[in-house]
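Here you get one chain, nothing else, as structure tokens; it is the form predicted alone.
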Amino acid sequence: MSHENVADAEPRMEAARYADGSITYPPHPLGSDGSEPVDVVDLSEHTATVVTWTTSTAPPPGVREPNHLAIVEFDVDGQPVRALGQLTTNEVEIGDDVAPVYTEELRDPDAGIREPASQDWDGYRFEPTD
């Protein structure tokens, strides 16, 4: 996720594309072959498929309970891109389509061990599209 687009209402869910065509999320400064990214892909413009999911009933401080988590897979120009994130609901099944949904607070900044101003607390959850 990037906050570079200050004019946008919501930050983008950015992945990095490398010269060999591979895409990683979150973006890494170097690809698997040591090359730097050549482009950015906004995953919030795509839908994904649930690969697997689970519910955590003992999340860390500040994280909602129960916390529904999924590994999802985006298809970006034929390139699979996987992401791990929270679900908006437990009403999903493996193979369901989901869309990224921006939320201003994924965790309670006052409940963690870090200073609230030390990091971003916003991000994306995945919501079923059906």
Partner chain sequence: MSENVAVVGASMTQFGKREAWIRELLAEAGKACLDDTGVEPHDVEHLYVSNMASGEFEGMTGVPNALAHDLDCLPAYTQRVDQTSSSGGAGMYAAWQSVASGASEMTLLVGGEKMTHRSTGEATDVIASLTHPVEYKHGVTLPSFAGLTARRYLDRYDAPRESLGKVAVKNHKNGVDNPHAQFRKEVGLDTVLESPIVADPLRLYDFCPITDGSAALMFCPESVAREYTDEYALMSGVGGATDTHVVHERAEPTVMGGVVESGTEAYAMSGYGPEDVDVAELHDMFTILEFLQMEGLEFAEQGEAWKAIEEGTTERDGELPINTSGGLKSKGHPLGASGVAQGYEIYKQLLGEAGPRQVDADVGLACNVGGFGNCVITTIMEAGA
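Positions refer to the first chain, counted from 1. These numbers come from a predicted model, not from an experiment.
Separately, the form predicted in complex with its partner chain exists; it is not shown, and the next lines address it.
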Whether 26, 70 and 86 all lie within 4.5 angstroms of its partner chain in the predicted bound form by heavy atom = yes
Residue 56, heavy atom within 4.5 angstroms of its partner chain in the predicted bound form | yes
Proximity of residue 32 to its partner chain in the predicted bound form, heavy atoms at 4.5 Å = no
Can you check whether residue 46 is within 4.5 Å of its partner chain in the predicted bound form, heavy atom basis?
-> no
Wondering, does residue 117 line up within 4.5 Å of its partner chain in the predicted bound form on heavy atoms?
-> no
Checked 63, 99, 76, 40 for heavy atoms within 4.5 Å of its partner chain in the predicted bound form; positive is 63
